[in-house]
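In structure tokens, the next block holds one chain alone, the form predicted alone.
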Amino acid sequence: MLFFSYFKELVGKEVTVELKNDLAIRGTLHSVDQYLNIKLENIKVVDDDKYPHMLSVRNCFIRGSVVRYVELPPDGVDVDILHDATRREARGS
């Protein structure tokens, strides 16, 4: 639940999601659920030449199990909130 609550704070910010098939998609985070499924709006593929069929796609839903990693915006990382949440989860509160 730690990551889910953290990603909810990033709704409306631009993120880059790299999938396990090496496709990297940048877009505005619209929503995320408890399974870390992600919905992005106004997407752009990072490598247009490798994935030309994705040029016409504007919104996408990404299943959480296919995500390799999510690159967060530098201003979207609040280290104090992460430390507090990690401590609370470690205590079981």
Partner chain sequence: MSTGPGLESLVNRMYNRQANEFLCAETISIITNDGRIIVGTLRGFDQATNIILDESHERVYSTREGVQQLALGLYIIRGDNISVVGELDEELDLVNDLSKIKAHPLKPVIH
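Note that this is a predicted model, so its numbers are computed, not measured. Residue numbers count along the first chain shown, from 1.
Keep in mind the form predicted together with the partner chain is missing from the figure; the text below concerns it.
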Worksheet item: If you check in the model of the complex, is residue 23 within 4.5 Å of the partner chain, heavy atoms only?
Response: yes
Worksheet item: So in the model of the complex, does any heavy atom of residue 32 sit within 4.5 Å of the partner chain?
Response: yes
Worksheet item: Do residue 60 and the partner chain share at least one heavy atom pair within 4.5 Å in the model of the complex?
Response: yes
Practice prompt. Considering only heavy atoms, tell me if residue 39 and the partner chain come within 4.5 Å of each other in the model of the complex.
Written response: yes
Fill in: Residues in 41 to 77 with any heavy atom within 4.5 Å of the partner chain in the model of the complex
50, 51, 52, 53, 54, 55, 56, 57, 58, 59, 60, 61, 62, 63, 65, 66
